[in-house]
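The same protein chain appears twice below, in two forms, each given on its own as structure tokens and labelled structure 1 and structure 2.
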Structure 1
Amino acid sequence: MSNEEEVQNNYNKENPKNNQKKGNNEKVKKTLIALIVILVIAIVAGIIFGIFKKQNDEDKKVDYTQLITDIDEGKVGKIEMTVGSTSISVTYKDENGNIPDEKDKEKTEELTKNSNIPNMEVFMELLQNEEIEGNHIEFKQNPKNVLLSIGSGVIAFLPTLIMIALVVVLFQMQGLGDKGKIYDPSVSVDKISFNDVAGLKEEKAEMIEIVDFLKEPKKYSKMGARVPKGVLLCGKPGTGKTLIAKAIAGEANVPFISMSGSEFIEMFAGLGASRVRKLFEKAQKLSPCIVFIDEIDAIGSRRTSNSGADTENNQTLNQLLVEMDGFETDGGVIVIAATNRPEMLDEALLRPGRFDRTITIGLPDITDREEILKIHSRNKKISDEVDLKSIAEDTAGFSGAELENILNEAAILAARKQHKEIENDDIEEAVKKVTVGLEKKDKVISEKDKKLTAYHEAGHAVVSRYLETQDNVKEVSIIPRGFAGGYTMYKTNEDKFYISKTEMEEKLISLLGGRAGEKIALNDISTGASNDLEVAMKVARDMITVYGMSEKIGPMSINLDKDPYQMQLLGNNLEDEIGKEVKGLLEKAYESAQDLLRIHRDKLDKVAGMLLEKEKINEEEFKAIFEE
């Protein structure tokens, strides 16, 4: 059982009425679902039966006018009908003019047909006249079938029953707004505090005021201060938005109600707004507490005037705005929301009085990464030889969740290899597995493809070696991993917050070094550089359109996603100019990569030769080639 489930159970034990209500709702919901399933099966079976019956009746049906003619000609031997029905069963005489014996079911069924009588009184008079004239016809009248009448009534009433069931289900679903998970630090065994959150020093300092208010609200109310009602946490996935929200609840020792933005959205109109009301009603009962809404952009995106699903989203957002605006200043309920797309949120949601503060949680730096690794290594058997600082240096740009995943993968690898402790090799392999993909040592590769891959990867590595702004090569391999036929890994020496124009230009040269290596050594090119070209294209385009690094285009940032008419404002010829600039950057980088490899052709051949021999070169072996 997870921590959230355990706390939810404890909460239900302390609130038996809530637990009983939830249990009753679940029973009613299951009963209604079973009823709907039975009704649907009955309807489908009835439709199928009706189709076959109708088809069979059509084949064995005789028109009323034809029936009268057949009676006059003496072809009909027996007529059978049910009281109150306008449909009769007609049995014709055989070729000898006799009525078939009832024991001969096959012949009786063959000579029996059905007919609808428009006026039963006129038809009965016709039969009496036939009897008077000597044309004897057996006539049998059956009593009314009660079970058949009840069945017909039930089938006729089925649509009404389904509508009633759907209405009941809809009303029952109104109560699903109280399904938010409750995390209560006061009863939780695994309490989370700021000590469990590595890094984020400035972000934690911002949150101390929130914690202090939840602990001592009177201190602020006496000073006339209004504590923020809502805090919006922005950042990439895995940076610790949910974790820091739980840590605030743990530090303040107050309940923490967690829901995802997608849980408010339903196909039934009005359910999203109802769930928002239910959520804040629960929060008021548990006050002081924290309400955490993850991925709030699911319900908080900009309102539109469209119909359909957008209307339901608008209603849900409007209800959220009303609930947050209606909070009492000393109510002790604080809303914390998380999103990785803050630009999608409605402006009314971000105004003061609702989400007063917006805190951006970025990727951890080298010091934070080391602290994160230390926290996630607490419950793992790690060798003393493992240097977490070195791992932190090699994982620039990784989020906290990705670092935790690396150590978890390393633990799995160590267990698979039957190591007593997690070793450096296990962690390095885990990093490669997460970043590049699973190694495929047993994949059969032709010698031609091996040579091409070797010169491709050697081109990347050798070109990067002679570019001052590029990182040092850590490992080069021609063993396939994931979708890549080979890879070149770089050792990151520092965290970079800004990238210069020179660095981006040399990045393009490095990316196109693989294609240049193929061209110089083999005088041919392959599809292996497709991903390199894709990345290079994006870098060159961003240099021109986002960062304004083109002297011809000028210092401007063009974002067509936000403003699709921006290009029209700047002139019709701008697209052509941008295309020429991007193409010029890529062509220049490709020529520079080829020039470097022509000058250092001996190093290119040595690296490629060693790759063909060993399949993998580490940092020391690569450096040794250039120190000769």
Structure 2
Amino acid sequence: MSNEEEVQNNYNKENPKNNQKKGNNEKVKKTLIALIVILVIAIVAGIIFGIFKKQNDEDKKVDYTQLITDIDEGKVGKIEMTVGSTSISVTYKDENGNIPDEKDKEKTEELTKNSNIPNMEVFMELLQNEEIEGNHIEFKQNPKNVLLSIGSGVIAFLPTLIMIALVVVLFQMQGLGDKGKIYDPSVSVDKISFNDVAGLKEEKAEMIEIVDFLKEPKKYSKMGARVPKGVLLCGKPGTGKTLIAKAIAGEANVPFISMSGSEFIEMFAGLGASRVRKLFEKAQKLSPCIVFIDEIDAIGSRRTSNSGADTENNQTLNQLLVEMDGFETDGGVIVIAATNRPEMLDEALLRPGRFDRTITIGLPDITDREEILKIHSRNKKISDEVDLKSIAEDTAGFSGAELENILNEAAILAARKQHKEIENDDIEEAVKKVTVGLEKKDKVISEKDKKLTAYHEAGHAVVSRYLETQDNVKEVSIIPRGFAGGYTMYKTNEDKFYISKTEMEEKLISLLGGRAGEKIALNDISTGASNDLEVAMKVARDMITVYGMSEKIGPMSINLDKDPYQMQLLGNNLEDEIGKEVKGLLEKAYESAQDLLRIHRDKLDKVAGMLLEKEKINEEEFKAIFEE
């Protein structure tokens, strides 16, 4: 019920601890060589079939906007998807409004199309909404594993399938199955240049040198100049790290090979290192070029003991170090890596001759946000009344990717509402959709739940109103959105560089205001505050361990995950102490929130009452309550 969003990162992927040894591989290889010949034929046939199927698929694509319109108009009968894939299969209703019988293969095929879903979560919500509105769409979800989902009818072929799988694995072990994706600006239609990257002026200026080097590596090496082999881009997801790396390739007109750190470690032991080797072999052939490694922390985190999964990681990382030391800079290969957690990286990676240059990319400030919005509205129909500057004002803390997403969602909303152009309210709605999820106007809610939500949100809003450092309330609503039963939106009016201790304490009070509202007015508490508590817990913990704001613990930065020796240094009951301090902060904030609401009980009742009556209160209406 707060509008905070935790960015989930999935870096912590575990890699399977598969203990295949090299000697084993040899044996497997020999026994399978005879089979390979037969199976290669099968595979080739499969590939040819695949190509045909793919071509067919291309013909049968519906774009997302069209799909939404069709769903809205009730033309779609069935949707089938596979877990983990963004591509879905859509079966349209026939001329009589019926879903074609599955036995009628020809008809089913004719009415089935494919579509790519940019944001699956939003899409699922949309389907739910349609269901509520009485537009029933059959929905089928297939498990991730293709081999298993083929079904029991092929059990007879299972041994063959297993052998095929083994051969594929064998190929990949030899590195033939490496997955480096190549983007070649000299043949690509949508070439990316620095013009497509908003803001980041200093960063771009630094990159120009690299562009020049890639264009004429000899010029630099003749001078004896040492050009960086590797550049590390640090920053939150969606801040444009990939974009800027691609723009360098575009400016220099050289190929761009990309791979994600997690791809190196995902399958079998020994594979990671060989993939690194293959990647660099490919790069040498394509040079001058850029090698881009996303999520480098997945392979480049500190080398640890020799246990299980770690050993695999270490091998991959060692291989990367060997490759980077091995190639000559005048070969014209530059490695650009991106990470959100530079502190996790093994120091060896940052030594001269490796990633010796680090560029930190922050979240865009207000001018940059406006520029990003401008860039992404170039190819969209936007009404003249839309003021990108005011959207930039309202979106402090948003990343470039989120801003792009907002404009995209706004375009979809505008299409659904059959507007001629994207209008201001489409964008406002999109901002809310991206931050708190879709509005579920038709969901039936019991009076009791409504009252609870009203007091919860009123609690947040009233408490914030009396806290000096907290942002002004922009909108309070008890219409459910996404997973939240209601929400309070604040007006962020400045980009802050530093946050004071008082401000963080008041933030905690404001976060706990929701629960305090329930407690004071209804003398009961609910599960509705779980997200608030989660955010509050993180703020409180950071105050003590990251920003050293606790009197008792002192001005210290503590990270026991990163450096377990801190415990030895600072005493074993450090964790207990931290726990006590976090608890103290949260309890104090909860008390303050309740005190504030007891004093201003009349306002709490007024806001909650108005919410029950109107479901949504805007900025002016909210202010008016306090001016009486």
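Along the sequence of structure 1, residues get numbers from 1 upward. Superpose the two forms; the largest set of C-alphas matching within 1.5 Å is the rigid core. This is a predicted model, so every value here is computed, not measured.
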Check against labels, form predicted together with adenosine-5'-diphosphate (ADP) ends up as structure 2
Please state whether Pro364 has a C-alpha shift of 2 Å or more between the two structures, with the rigid core used for the fit. no
Quick check: Lys218 between the two structures - does its CA shift reach 2 Å or more after fitting the rigid core? yes
Taking 2 Å as the cut-off, check whether the CA of Glu447 shifts that much or more between the two structures after a rigid core fit. no
After superposition on the rigid core, what is the displacement of the C-alpha atom of Met259 between the two structures, in Å? 4.8
Core superposed first, then measure: what is the displacement of the CA of Lys113 between the two structures, in Å? 58.1
